[in-house]
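As C-alpha cells, one chain now follows by itself in the form predicted on its own.
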C-alpha cells in the first residue's frame, strides 16, 4: 500500500523527518501489511533497508506468529507470560536489537508508531520487556459532519477547520485525504470514527440504507489502520427510511426493521462498529414520544447490533431546552442524572451510555458529571470535545489535555476510589478536523487531536510530556529554543483562556448561536438553561441541597459535602455551585470582584505575550505555518481584550465596586 502523503495537506505529527531513526536502520519486518509498507517507505527516504531472515537487524517488527523469529524477539517473548492481547504490543531492547511484538496487526502498528515517537532513544539504552496495552477498548472520534451544507450549522456543525474531511458536494470526498487521516489517528491510538453528525438530517439519514456504499468506501480506507467506522442514525429511521407509521422501540415491526437493516449494514461492512444516537435532545426524535424510556430505545438498537458484535453509543445529553428562565427550580445540570441514573442496570451489555464530561456542555471549567459515578451496572463512555466550541474555536491557542487529564483522573469517592478513566469502557471526543490544509484550522490545535488519542490510550500520561511529544514530532527536528517557546505558549494556554472568559466555573457568557466571543447576558433570559444570575450583590448559581436546586446531592461523599459548602468548594468551581457575594474572600486572599478584574487583565496580557513568543520563531518554522498561526494569534489577542473589557465593565456596573488597582474599566 502506498503511504498517503496528499498534496496540500500538512504532515502534522508524521513528517518525513519523524521517521529518520527507523528509516536509517536495518529492519526485520516479515510478512505483508501496513507496518512493512511504512518501513519500506521510511528506509527508501532515509537510507536504511529491510533485513532478510537470518540477517542482523537493528529493529524487529513482527507478529508473534511469524516464523522464524530472531533470537532477540524470542528472548523478549520469553520474558512475557500469556498472550500479548488485542491492540497491544511488547517493546524491548537487548543485545543491540530493538524489538516490537504483537498478536495482531493493529497492535504491531501501534508498536511501530511508539518507536517512531521515541526516535533515536529507541536504539540506545537497553530496555526490559514492556507490555503496552490501551486503557479502554474503544477510543473514538465523533465527526459532526453533514453531507449537505446545513443552512445554519454549515457542513461541519461546530467545526472550525473548513469543510468535511469525508464529504464534499453531496458525495464522498478525496479518499487519499481520509487515508492520511487514518494514518494520523493510528499514530496516536484512535481506533473508531463516527463519520456523520449526531444531529442527523434528511440526506445523512440515508447513509444507513441506500447510501451505505459511501460509508463502506470510507471504512475500506480506514480499515488498514485499525479503525472501525460508526454511523450516527436518527431514532426515527423506521419512519423516515422504512415507511413505517411509528418508531416505537417496543413495536414488533420497528424491531424487525432495525434487525433487517442492521443485517444489511454488516453484509456491506463486516467490521462495522455500530450506531451513535442523539435522542430526545434539542429537538431530535426519541423514545419519549412513545412513552418509552431511554433504555428501551438503546436496547432496540443494541439487540439489532448484538449478533454482529456491534455497539450503540446512546448520548446522555438530554435536558429541557425550552426552560422558563424565571424558574430557578429547573436546573439543566441535573437533567442527565435525573433521566438516566434510575435506568442503571437496564441497558444491554452492548449499549454504551455516552456522557459528556461535565453536566452542562463542554465548558472551559465544569465539575465532572455525576452520572459517571451513578451507573455502575451500565457501560459508560466519557465524551470530551476536541473541537473548541467553547474554548476559542481554533482561533485561540487552548491546549486542552490538562483539562482532560483532570477529568479522567477525578475520583468521586476520594483518593482511595476509582478514577473516571477506570469507570469508562470507552473514551470518545468530538473531532476538530476538516479539509483545512492544516487539518484543524489553527495549526497548534493539532496538539489537541494528538493528545486526545494519547490520553485515551493511557489516561495517566503527563499532558506536558504529551505536548512535548507532539512538538518533537510535528516540528522535527525541533531545536531547543523552538521547543521551549512552543511549550511556553501552549502548556498553560487552557488556564489563560479560562482567565479571560467566564469566571470560576459559571460558564457560557458567549454570543448565542455561534458561541464565539463575549456576551455576558447573551443566554441569561433564553430557554437554554445556561444562567449566571448576576445581580447587584453577587453572581453564580445556587445548586446546594440547602437552598438551591439540590444538584450537589447527585454526587457521592466526599464531593457532595465539599460542593455543598461555600467554605470548602474549590474556588475554580465556586460560581457553578453557589451564588456568591462580590465581597466574598477567595483562598488567594482576593475578593470575588477583585479576582474577576485581576484574572481578566492577566489573561488578556498572557494572550499578548503568547503572540510575542510566536513572533520570535519567525524563520525557525515554515513561513506559511508561521503566518497562519500569527493571524490566529492576532485574533486571539483582539478577542481576549474584548472579553476583558466586557466582563470587567459588566461587573463594575453590576457591583459598583471599583478595581483596587485603578486600571481602566469602561
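Fair warning: this is a prediction, and the values are worked out from it, not measured in the lab. Residue numbers count along the first chain shown, from 1.
Just so it is clear, the following notes concern the form predicted in complex with another copy of the chain, a form of the same protein that is not shown.
- For the options 509, 305, 534, 208, the one in contact with another copy of the chain in the predicted complex, meaning a heavy atom within 4.5 Å, is 534.
- Although the partner is absent from the chain shown here, 151, 645 and 650 each have a heavy atom within 4.5 Å of another copy of the chain in the predicted complex.
- Put simply, residue 20 is far from another copy of the chain in the predicted complex: not one heavy atom of it is within 4.5 Å.
- Proximity of residue 526 to another copy of the chain in the predicted complex: non-hydrogen atoms within 4.5 Å are present.
- Another copy of the chain is not shown here, but in the predicted complex it comes within 4.5 Å of a heavy atom of residue 522.
- Mapping the unseen interface onto this chain, residue 325 counts among the residues with a heavy atom inside 4.5 Å of another copy of the chain in the predicted complex.
- Heavy atoms within 4.5 Å of another copy of the chain in the predicted complex are found in one stretch of 526-534, 439-447, 405-413, 99-107, which is 526-534.
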